[in-house]
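What follows is a single chain, given as structure tokens, in the form predicted alone.
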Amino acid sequence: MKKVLILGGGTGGTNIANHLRKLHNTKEMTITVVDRDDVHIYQPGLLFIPFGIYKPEEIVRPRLKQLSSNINHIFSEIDRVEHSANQVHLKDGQILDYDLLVIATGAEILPEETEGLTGTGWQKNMFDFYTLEGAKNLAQKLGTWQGGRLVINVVDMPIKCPVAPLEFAFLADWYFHKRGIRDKVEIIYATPLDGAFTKPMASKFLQNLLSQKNIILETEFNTATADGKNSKLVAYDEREIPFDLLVSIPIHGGSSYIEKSPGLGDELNFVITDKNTLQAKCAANIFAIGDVTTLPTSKAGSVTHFAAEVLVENILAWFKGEELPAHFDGHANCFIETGFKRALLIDFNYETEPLPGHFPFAFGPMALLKETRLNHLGKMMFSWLYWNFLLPARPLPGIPSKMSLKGKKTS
């Protein structure tokens, strides 16, 4: 009997559990998923809560209802992984043995790592929207805010869904136009990057879009402290940005149990993972997927979905004692909401940056690196695809796991 243990019941963990259950019955493989609670949040929906587009209850469902039947589950915090003994220790005292371990515990925000951020002003004039509580509090604030200087600050990379802060800026522009107070709001986007985004062509396009919407871009701003009392950000180079309202995208890291698991993670508690096979560097029978990995691509749901097909193929090969056959190419695609019911779409991988053209076929129907109404509809429809295709491990029609150059303008 093969014993598979999956840490994390979010996007990656649920997808892999469901995928493996489809391929193996309970007499061949036991599958156990461990997570701290029964609350599954559709994380892309957090972006829309501050603007009243989604309600909190619309993006939350029970974890158990997303898992196929005959998948075991345990609700507990994880204490550590002892990979030399093929064991996971839980904080409630349980010790779980495994033949193969999949780590999918994601990333979490660490606002306490930035001096002052969780001090005076936290959740009063300094907010996040990467948590359900933060998004709800920010929605209340924005609903009554009468204007001033809004600063959106990415403290450091990597972060979950790296386009979400840009989307927040674009949606803020739309939201304040809708409220009739855009002329009373100054929007500043402060980032540690040297441009709006990590990929040059997309960065140039997004910078032009920020400029068109009168959103000020402050690059190479490495936040040292957040001073809620005096309403200012201070960078390590002593530059200051005053604010009336701060929307912070705090430092991200992996779960604390990774730090207690020798050899498993890096200094940010992300699991050191082979970017092609998804195998952890510390042990051949440990794999990782999703935001918890060190893969040099976006920490996004689409990446998890595409990587899952590769991971399952390699898991099956590992159990057979075969060489791992599947290689993940870093495929990612993201809808970027730009406000006024328009969005653009980017599609890229490790080697190829976002290119203009059409997606997913040579004729489209969606446009790449172009604002369209159809892309907006795709963004809004993605929540349905998430619950009905991505989590149940169903393939997305016409969208292969490996990036295709069909429709893309390569020169």
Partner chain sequence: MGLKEYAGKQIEIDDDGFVVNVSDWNEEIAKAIAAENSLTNLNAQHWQVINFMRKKFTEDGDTPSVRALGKLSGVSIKELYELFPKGPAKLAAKIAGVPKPRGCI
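Note that the structure is a prediction, hence the values are computed from the model and not measured. Residue numbers count along the first chain shown, from 1.
Another form exists, predicted in complex with the partner chain; not displayed. Remarks below refer to it.
In the predicted bound form, the partner chain sits within 4.5 Å of a heavy atom belonging to His252. Remark: Pro325 does not count among the residues lining the partner chain in the predicted bound form, judged by a heavy atom distance of 4.5 Å or less. In the predicted bound form, at least one heavy atom of Met157 sits within 4.5 Å of the partner chain.
Interface membership of Phe348, defined by any non-hydrogen atom within 4.5 Å of the partner chain in the predicted bound form, is confirmed. Screening 171-179, 82-90, 195-203, 136-144 for residues having heavy atoms within 4.5 Å of the partner chain in the predicted bound form returns a single hit, 195-203. Distance criterion of 4.5 Å from any heavy atom to the partner chain in the predicted bound form singles out Pro162 from the list Gly339, Gly228, Pro111, Pro162. This chain appears without its partner; in the predicted bound form, the one residue of Ser248, Ser298, Thr273, Thr304 with a heavy atom within 4.5 Å of the partner chain is Ser298. Scanning 255-269 for heavy atoms within 4.5 Å of the partner chain in the predicted bound form gives Glu267, Leu268 in sequence order.
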